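Only one chain is given next, in structure tokens, and it is the form predicted alone.
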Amino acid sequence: MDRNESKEHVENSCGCKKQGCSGQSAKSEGNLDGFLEDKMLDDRMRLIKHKIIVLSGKGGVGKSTVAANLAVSLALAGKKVGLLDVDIHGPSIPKMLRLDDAKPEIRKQAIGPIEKAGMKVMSIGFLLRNRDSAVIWRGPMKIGVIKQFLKDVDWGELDYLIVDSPPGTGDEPLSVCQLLENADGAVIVTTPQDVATADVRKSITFCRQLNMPVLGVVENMSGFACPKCGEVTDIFMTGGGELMANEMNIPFLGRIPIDPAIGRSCDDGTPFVYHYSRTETAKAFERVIGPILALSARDKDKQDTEKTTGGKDIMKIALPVAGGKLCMHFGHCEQFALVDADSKARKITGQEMLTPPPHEPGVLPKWLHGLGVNVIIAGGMGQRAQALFKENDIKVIVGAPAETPEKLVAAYLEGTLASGTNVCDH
């Protein structure tokens, strides 16, 4: 079942044919106004490189805390970040960022987001007359305002848009997933207890039904961080989130311990990872955002690849091989594996093994260039050789591990190739 088919399955699962039913698609259909709205949405979202939805099937697991600190961590890493709170009935982000009294402005027929801590922020909480007002809306109104937050807010160019969604698998998360068709994926938040993970599993199933990638699971409130010494003690059960991630075959992003400073920072409206950056808990947040930052690294790698391939999807990757695995010393290999790959589809399309000509200075760069190679994956290569390959418009990646060519190319296409130290120093 492809993504559109799976969405149609979810949209029609209620069996209702009434216009505006919350089980139907959040996208407009069949009229000019709807077409223009969807075009505005697409134009706005096209300026945002990565969209990440923070989900949980259970309330009270600290999802908004994770979303806010994830956004702040990315901003501290030098990224342009937007934070959208789509929890219509219980918006928490304004309080967590001390923005209770902030009011957005209308500028150039768009809603100006509130700016704080290097981020652009939007929440229904900014539009309420007072903080105690209750939002009593049915599905269609909630879908409408979420769409408006995406298409009418002047987000501008962003590296990341983090969407804090309310718990469960109802109107709000369904609408966001349908509207952000090209989202990078969801971060799932849980606590270690079985009563939480049982509900959170439903969020993972929800993502799979919508073909929404799951970037990983965060186990929040995992142990207690002593405010004096920083030592983490498992006062309750721990590891439930990691166990669930392993059982459902999705990445585990890390554990965030219970830290009294997190509660204080939320109540005071001061981002925890900014004001307590040296604590073990803040370092745990840093580990969580590692795979998220890797998305930007993949962008850069893609841009570099486009430069060497002229923007073409088909590329040829060369790897020096000895004994069926990557040869650590480039000039001493037995053969070269030449792997054809489709960078857009991220798949290998062909492979051949060739014996290189006798090793002499300047021979291999010209030989590989003549074969149409535009990327080399190597264990080690001298600086002079790297310069020669650059002159021949061939990108060089050094420090790759001694694995099979297929495994290395697959990791490179996915943006997960781990490169270490260049083993050649001449």
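Model, not experiment: these values are computed from the prediction. All residue numbers refer to positions in the sequence shown, first residue = 1.
Beyond the structure shown, there is the form predicted in complex with adenosine-5'-diphosphate (ADP), which is absent from this document and is the topic of what follows.
Student: So which of 349-357, 179-187, 91-99, 205-213 is the stretch with heavy atoms within 4.5 Å of adenosine-5'-diphosphate (ADP) in the predicted complex?
Tutor: Contact criterion met by 91-99 only.
Student: Heavy atom within 4.5 Å of adenosine-5'-diphosphate (ADP) in the predicted complex: which of Leu326, Ile146, Ile317, Ile262?
Tutor: Here the answer is residue option Ile262.
Student: Sort through Ile258, Ala110, Leu295, Ala77 and report the residue having a heavy atom within 4.5 Å of adenosine-5'-diphosphate (ADP) in the predicted complex.
Tutor: By the 4.5 Å criterion, the partner-contacting residue is Ile258.
Student: Is Met244 one of the residues lying within 4.5 Å of adenosine-5'-diphosphate (ADP) in the predicted complex, judged by heavy atom distances?
Tutor: Flag for Met244 set to no.
Student: Just to confirm, Gly62 within 4.5 Å of adenosine-5'-diphosphate (ADP) in the predicted complex by heavy atoms?
Tutor: Heavy-atom contact with adenosine-5'-diphosphate (ADP) at 4.5 Å: present for Gly62.
Student: Taking adenosine-5'-diphosphate (ADP) as it sits in the predicted complex, is Met221 in contact with it (heavy atom to heavy atom, 4.5 Å or less)?
Tutor: Judged by the heavy-atom cut-off of 4.5 Å, Met221 is in contact with adenosine-5'-diphosphate (ADP) in the predicted complex.
Student: Find out whether any non-hydrogen atom of Cys266 is located within 4.5 angstroms of adenosine-5'-diphosphate (ADP) in the predicted complex, and reply yes or no.
Tutor: Judged by the heavy-atom cut-off of 4.5 Å, Cys266 is in contact with adenosine-5'-diphosphate (ADP) in the predicted complex.
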